[in-house]
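Here we start with a single chain on its own, the form predicted on its own, put down as structure tokens.
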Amino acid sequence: MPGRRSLLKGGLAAAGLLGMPGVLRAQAAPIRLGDLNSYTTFAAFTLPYRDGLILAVEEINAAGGILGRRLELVSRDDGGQPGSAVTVANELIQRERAVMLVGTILSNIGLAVADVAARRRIPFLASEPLTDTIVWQNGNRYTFRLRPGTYVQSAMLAEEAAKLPARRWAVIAPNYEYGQSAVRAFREQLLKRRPDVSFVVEQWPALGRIEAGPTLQAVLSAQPDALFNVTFGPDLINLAREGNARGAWRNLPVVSLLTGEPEWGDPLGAEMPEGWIVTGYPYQYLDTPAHNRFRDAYQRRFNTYPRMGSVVGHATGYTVAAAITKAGNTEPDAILAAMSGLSIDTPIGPITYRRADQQSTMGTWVGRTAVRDGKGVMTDFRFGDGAAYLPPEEEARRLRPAG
């Protein structure tokens, strides 16, 4: 097992941060990073995200900081509401003097903060929101996105879904920007591969308020051949359990976004439906030097295993460090220029922030659910590079607003 020194050296070399002063200059003010997320509303994902970000900040500071200055993390809860997120974002900019904003998980909140970033002319790294609107239709020069969005993940799922004999599809998705974006992308990608399919029933429960019994009954009544599920968190748990009780999953193939991520799948334990086609993060089975270093450091620091949010948080910290180092200062325009085309290594492989749409090429895994030792896991998985599923840069550039 590598020691802490080698871990830090490896992580910082990946971000291009070696060669900086080994001792932080006491007289230099810290660089303040403004982080906001739905920490109380969706703790299952956001707390591992924050821990991954904290780990990255600690590693960066232990290796000399950024431009000889300490990186200081200022985290705030956005309350799961766009209005609250706007208030918090403005406070981080004005009161806390943050040089960048990072974070958010809900797509509607990410879009609201992206608007703040554009108006206040400050860089914003949307770490977790999955709607592609944030980098395409509503994209602005101040906003970059880290995670693979609904287009990439839906394309990966559609590739597997097209292999099923199913022609009649049902949909269950939360009725807000993320759910709508995911369904649009999946429908488009599946129809490209299988023009013979149709979508015969759609259910759009409010986020966090699914009535699993009536929702599933409405789907089953339409006698679909397969289901595309976009629910997560408590909604996913309620839906999965309702289907288990009815025996629905024995005869209904399910393709499900995010369910293979441990933050969403772990609460189900042995109740995890088996055989679903999912995107996720099979951390237990990954064996690469970069991931092993990250996993070991994370477990030592937090006494638990990493989740997908942990990877995203860690990559967020190193993106910030690499961008400011490349910029040579903390001026917004310099950071924006440095972010365009920026490449870094992450625990799950190298990524690049594309110049055309400011979307990273981070990928994810697609596989099937199973239960092992009373716990839901991913099996038969493969990794999909985001660059292989994103639209070409020229096409993506046309999706963005002019100017």
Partner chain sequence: MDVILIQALNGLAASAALFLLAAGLSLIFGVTRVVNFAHGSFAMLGAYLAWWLTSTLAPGLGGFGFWVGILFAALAVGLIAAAVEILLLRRLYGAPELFQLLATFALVLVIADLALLWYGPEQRVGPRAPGLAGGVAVPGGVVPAYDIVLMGLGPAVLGLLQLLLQRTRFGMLIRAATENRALVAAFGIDQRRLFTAVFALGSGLAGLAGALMAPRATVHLGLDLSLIVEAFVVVVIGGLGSVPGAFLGALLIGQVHAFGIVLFPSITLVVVFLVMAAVLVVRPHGLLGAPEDGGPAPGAAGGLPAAPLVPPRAADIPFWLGGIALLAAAPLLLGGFEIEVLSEVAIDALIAASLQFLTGLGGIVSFGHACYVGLGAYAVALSVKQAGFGMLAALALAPLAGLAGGAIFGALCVRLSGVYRAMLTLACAQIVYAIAHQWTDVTGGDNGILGIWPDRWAGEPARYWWLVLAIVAPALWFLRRVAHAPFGLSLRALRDSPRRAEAIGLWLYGRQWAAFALAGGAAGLAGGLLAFLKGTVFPESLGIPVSVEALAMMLLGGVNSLNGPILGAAAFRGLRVFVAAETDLWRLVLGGVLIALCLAFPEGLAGAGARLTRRLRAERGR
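Positions refer to the first chain, counted from 1. Everything quoted here is computed from the prediction, not taken from an experiment.
Keep in mind that the form predicted together with the partner chain is not shown, yet the notes after this line are about it.
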*Let me know the one among I344, A44, A334, V371 whose heavy atoms come within 4.5 Å of the partner chain in the predicted complex, would you?*
A44
*Which one, D296, E160, E242, D225, lies within 4.5 Å of the partner chain in the predicted complex by heavy atoms?*
E242
*Would E72 sit within 4.5 Å of the partner chain in the predicted complex, counting heavy atoms only?*
no
*Does R120 reach the partner chain in the predicted complex if we count a contact as any heavy atom within 4.5 Å?*
yes
_in the predicted complex, R246 touching the partner chain (heavy atom, 4.5 Å)_ = yes
*Does at least one non-hydrogen atom of R354 fall within 4.5 angstroms of the partner chain in the predicted complex?*
no
*Name the stretch: of 282-290, 208-216, 185-193, 323-331, exactly one has residues whose heavy atoms fall within 4.5 Å of the partner chain in the predicted complex.*
208-216
*If we check the partner chain in the predicted complex, which of the residues in 49-77 reach within 4.5 angstroms of it by a non-hydrogen atom?*
R50, R76, D77
